[in-house]
Ligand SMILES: Nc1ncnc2c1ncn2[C@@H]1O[C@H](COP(=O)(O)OP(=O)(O)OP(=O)(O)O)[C@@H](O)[C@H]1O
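The chain below stands alone and is given as structure tokens, in the form predicted on its own.
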Amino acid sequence: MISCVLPAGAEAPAGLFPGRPRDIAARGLRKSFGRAEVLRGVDLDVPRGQAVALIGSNGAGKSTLLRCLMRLVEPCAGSVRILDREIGGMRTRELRSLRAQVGFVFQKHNLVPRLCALSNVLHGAQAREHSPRLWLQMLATDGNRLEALRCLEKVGLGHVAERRVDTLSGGQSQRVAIARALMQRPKIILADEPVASLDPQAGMEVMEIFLELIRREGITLVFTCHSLEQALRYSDRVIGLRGGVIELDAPSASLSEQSLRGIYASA
């Protein structure tokens, strides 16, 4: 494991939020695709309200780890508890109910281009309420429409509510995707390279909004990124993956970009 010396008096990563329950607890996660072993026994604990950055080179297992946490891909071995519930043996309905409490934000926004921003945000409520009235803003109840508008306002886009998302910039589209995740009323957000497709300035703006929101709402955040600056600036803790195992796990305040570069060295 990469050497990481904490400053005198610094707490270990799991102690960053003492007394808070663990929203995520994984033990011995393994995942292979054919003969390629992508995760090789990963243990992970994330306390409620913590922001965790996952870093590592391409193929290190970052995205696979995120997906295994919610069984978007099935791990080959190991266990995962989300919000104090073991997900390994859950039936489809139970798993759907749990996923409704977890927001997903990915590099590809997965918005419906021909629909307006407000309608796209309304789709987030489908995780907790199955209704055709959530497909279009003109069909939505007053309560759901108002909540979706407030989610857009939280990301600074209340003024584009009725614009089609295919007319928005990349940064605006990603903020719509974040608003859609907020519409789920999530307790956890998992984000896979959420600003990788944006230019540096737009990426910083989106991450600033993202972090402010999760702080204000008390949401647990785990995100992957390749930018060491963003990993340090927008997280409480950095976890470095290399070759499918955790090579580094430390509070962000104890690290520097230089100390993180070793995680990208050849295994």
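Note that residue numbering begins at 1 and tracks the sequence as displayed. All of these numbers come straight from a predicted model, not from anything done at the bench.
There is another form of the same protein, the form predicted in complex with the named molecule; it is not shown, and what comes next is about it.
Proximity to the named molecule in the model of the complex, taken as heavy atoms within 4.5 Å, picks out 53-61 from the listed stretches 232-240, 53-61, 205-213, 40-48. Contact between E147 and the named molecule in the model of the complex is not found at the 4.5 Å heavy atom cutoff. In the model of the complex, at least one heavy atom of H226 sits within 4.5 Å of a heavy atom of the named molecule. Residues from 180-211 that approach the named molecule in the model of the complex with a non-hydrogen atom within 4.5 Å are limited to E193.
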